[in-house]
Structure formats: C-alpha cells, structure tokens
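This document opens with one chain alone, in structure tokens, the form predicted on its own.
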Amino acid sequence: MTMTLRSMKKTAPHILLLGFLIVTLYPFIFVLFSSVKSDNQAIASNPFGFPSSFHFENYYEAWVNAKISVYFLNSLYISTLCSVATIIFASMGAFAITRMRYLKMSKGLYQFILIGLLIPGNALLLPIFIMLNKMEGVFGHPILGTHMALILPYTAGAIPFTVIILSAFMRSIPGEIEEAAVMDGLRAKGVFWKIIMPITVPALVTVFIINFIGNWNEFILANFFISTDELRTLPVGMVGFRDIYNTNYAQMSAGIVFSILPVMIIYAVLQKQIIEGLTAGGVKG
C-alpha cells in the first residue's frame, strides 16, 4: 500500500503536466490539421481528425495571394528593430542606475521607471496619438501612417520592464570587476561596452525575446496608427485576411500558422535562456 501511494504521488504531477500540455497544444494542432485540408467541407466533416490528404498549396495561397509575406516581413522588421533599440537604451539606463555613484538620484529614477509599469498600455493610446501627430513638425513629415508610428511607442513602452530586469542582473556583477577595468585605463563607456554588456548577455537575450514577442503580437497600436495595407503588421493583416477568406477556413488556418509559428520556434529553442535570464536577475539582484 505504501509503495502504491508513493507511486501515485510521483505519477500524479506527470499526469497533470501531460494534461496541461494537451490542452495547451490542442488548439494549435487543430489549426495545423485544418490548414492542410482541402476545403471547408473537409474541415466540417472531420473537424478534429487527421486530414485524409495534405493540401500544402493553402500555405502558398496565404503567403502570396493574401500578402501574408508582406505582413510577416513588416512584423519581423519592426519587432527586431524595436527590441534591439529597447535593449540599447534600457541597458544604458540600467547601467547608470546600478553602477554609477549617484545613489539618491538613482533610487528616485528607478522608482520613476517603476511607475511606467503601473500605467495600462491601452490608457496611453490617445496621448500617444496626439504626440505622434505633433511630431510632424519635428521630423518634417507625418509620423502617423508610417512604421515610425509603431517603432517609437514600442521602443519606449518596453523600456521600463527592460530596465528593471537588466538592473536586477547588473546588481549581481561584482564591483571589483569594474575597479580592475578602471585601473587598466577604461572609462565609463569602455566599462559599459567591454565589461558589463558581455556579462549581461543572458539577461539581454531574455528581454530581447520577451520584447520581440510582445511587439510581434501587438494589435491595437498597429491597427489604429497604420492605414496603408503594404505597411500593416501580421496581426492586423490577419484580420483583413479573415475578411477576404471568410469562406475558406483552410487558407485562413494556414495564415494563422504563419503568424504563430515564429513565436513557438523562439520559445522552443530559447526557453532555457529565457528562464536563466529571469531567474539569474531575480535571485542575484
């Protein structure tokens, strides 16, 4: 009896995790099967079953005719650029807060940055719109309706979270490393780029992935600030794709696979780096 109870205690967590995995992956598997079925009739007759024949032409139709390729590249360009820019600005801010010797100012600035996490992003929609509209006089051309209307708020909006994560990680770096670098002739700029940034790579990878996925999935700003079809991102383009192919669920499913596959690949390949970066900063900081 004792052995049976011990076996059940060891087996129960695995069963729960397996059930959770099935529930989590099932929607994607359903969409994946639907994307290679012939038409709506094949999906309706066997919605949860394995396809009797594979029709990969649905992916070609979605990629070319529905311009998923254009939306995909727009999202890739914007998400990557914003994530890199956020890391550069936030890492400089985190370095100044945690490593520079201005304790009172650093603490006040850190508390001010924390406020940025308390403001819901949707509440800033109108202020961002007004600011971007007024920036036409600064740049000499309209900002709204261009990719810059997304790049600026995406980059600025991710800075508070990124600064907090990087600050927690940088606090764990021994000060003796910087002192040795300064004795070797490095100034603050050299210490930052040659010492701090290489050591902070695990945290940089973590925040890059999190920010990239957040930018990739963002819909509200992209929907309101971009009106040109050729400049739309993938989440917004998928809405138009649904309207165009509302009678062809197989091609619609192929478009959905294109939209979620990069995120799944990033998580599958780099999940270890994400966890290590978050836990290292949290425990050591």
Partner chain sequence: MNKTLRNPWTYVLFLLPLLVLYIMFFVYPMISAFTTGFMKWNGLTEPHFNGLTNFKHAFNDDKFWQSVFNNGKFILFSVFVQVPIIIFFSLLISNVKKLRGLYKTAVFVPSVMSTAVIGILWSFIYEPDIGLFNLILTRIGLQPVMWLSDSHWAMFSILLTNAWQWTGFYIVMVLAAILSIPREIDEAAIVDGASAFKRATKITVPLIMPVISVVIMLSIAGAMKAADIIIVMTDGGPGGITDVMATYLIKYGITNAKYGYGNSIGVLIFLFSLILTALYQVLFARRVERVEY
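Numbering follows the first chain given and starts at 1. The term rigid core refers to the most C-alpha atoms you can superpose between the two forms while keeping them within 1.5 Å. A quick note: this is a predicted structure, and the numbers were derived from the prediction, not measured.
Omitted from view is the form predicted together with the partner chain, to which the following refers.
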*F28: heavy atom within 4.5 Å of the partner chain in the predicted bound form?*
yes
*Exercise: L166 in contact with the partner chain in the predicted bound form, heavy atom 4.5 Å*: no
_Close approach of V239 to the partner chain in the predicted bound form, 4.5 Å, heavy atom_ = yes
_Contact flag, S106 vs the partner chain in the predicted bound form, heavy atom cut 4.5 Å_ = yes
*Looking in the predicted bound form, is the partner chain within 4.5 Å of a heavy atom from each of N65, T80 and G145?*
no
_Under a 4.5 angstroms heavy atom criterion, identify the one residue in V84, L73, V201, A188 near the partner chain in the predicted bound form._
A188
_Selected contact from I210, I173, I195, I113, since only one has a non-hydrogen atom within 4.5 angstroms of the partner chain in the predicted bound form_ = I113
*Of 45-80, which residues get within 4.5 Å of the partner chain in the predicted bound form if you count heavy atoms?*
S45, P47, F48
*F48: CA shift of at least 2 Å between this form and the one not shown after core fit?*
yes
*Would the C-alpha of L231 be classed as shifted by 2 Å or more between this form and the one not shown after rigid-core alignment?*
no
*Relative to the superposed rigid core, does the CA atom of F219 travel 2 Å or more between this form and the one not shown?*
no
